[in-house]
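Just one chain is shown here, as structure tokens, and it is the form predicted alone.
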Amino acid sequence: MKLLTKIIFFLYREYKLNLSGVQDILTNIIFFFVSIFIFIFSIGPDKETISLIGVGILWTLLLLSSTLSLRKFYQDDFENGNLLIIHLNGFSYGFIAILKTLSHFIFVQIPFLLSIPIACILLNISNEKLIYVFISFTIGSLILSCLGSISSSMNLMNQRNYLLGSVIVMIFSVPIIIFSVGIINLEENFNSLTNILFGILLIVFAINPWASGLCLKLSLENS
């Protein structure tokens, strides 16, 4: 019960931090939609072409937009000492990584999830494919949050080059985009591709606490 109370307070703290930084979330969403308009204007008014490549554009922009928030994944809490305080309060580094990943998914990825219907209309993606987009993004975005946790914790040990974390996320996100786009475009293979994507989620979710926790520990010990 005491642990549950601590978790609730942690998530409430994350909620207040994200609420105070809501302009960053809005900036990410604005970047997402502006990028969609740029793609539409560059392709032209051909709706069939836009519909054909719309899913790929949607996932690419979701990936790029989500990487904008990676720098603040751990950086602010690391600089003001909150990470150490949270650890001393009874949370292991791995458990901190799990909670921060869930927090990132809830407060950063879900706003993108809510904006997907509007994006699908702009990209001329049919309503029949909308449910597949939701399923693929729900699983894929949680994978992106796990990858973001790992790369952001690595960045704490590499203060000179913050782009390294984004590059890592993009490289390991290629299979996610491939299978997510396949789920939407190849409806007959929906179950098999969804199982593969879910398997990737389980693997990354298992690696995340170990890898992120180790990076957090080393960063705090050497700070």
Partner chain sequence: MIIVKDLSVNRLDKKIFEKVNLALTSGNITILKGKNGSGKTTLLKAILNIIEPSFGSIYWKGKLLKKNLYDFYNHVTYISDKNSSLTKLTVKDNINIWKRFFCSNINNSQIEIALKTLKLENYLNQKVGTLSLGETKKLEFLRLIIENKKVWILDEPLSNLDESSIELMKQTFEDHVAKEGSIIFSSHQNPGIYVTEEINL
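Residue numbers count along the first chain shown, from 1. None of these values were measured; they are calculated from a predicted model.
What follows is about the form predicted in complex with its partner chain, which we do not show.
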Original post:
Though only this chain appears here, would L17 touch its partner chain in the predicted bound form if you measure heavy atom gaps against 4.5 Å?
Top reply: yes
Original post:
Is the gap between G81 and its partner chain in the predicted bound form 4.5 Å or less for some heavy atom pair?
Top reply: yes
**OP:** Report yes if any heavy atom of L122 sits within 4.5 Å of a heavy atom of its partner chain in the predicted bound form; otherwise report no.
**Re:** no
Original post:
L113: heavy atom within 4.5 Å of its partner chain in the predicted bound form?
Top reply: no
**OP:** Answer yes or no: in the predicted bound form, does its partner chain come within 4.5 Å of a heavy atom in every one of K6, I85 and Y93?
**Re:** yes
Original post:
Which among 100-108, 140-148, 122-130, 85-93 is in contact with its partner chain in the predicted bound form, heavy atoms within 4.5 angstroms?
Top reply: 85-93
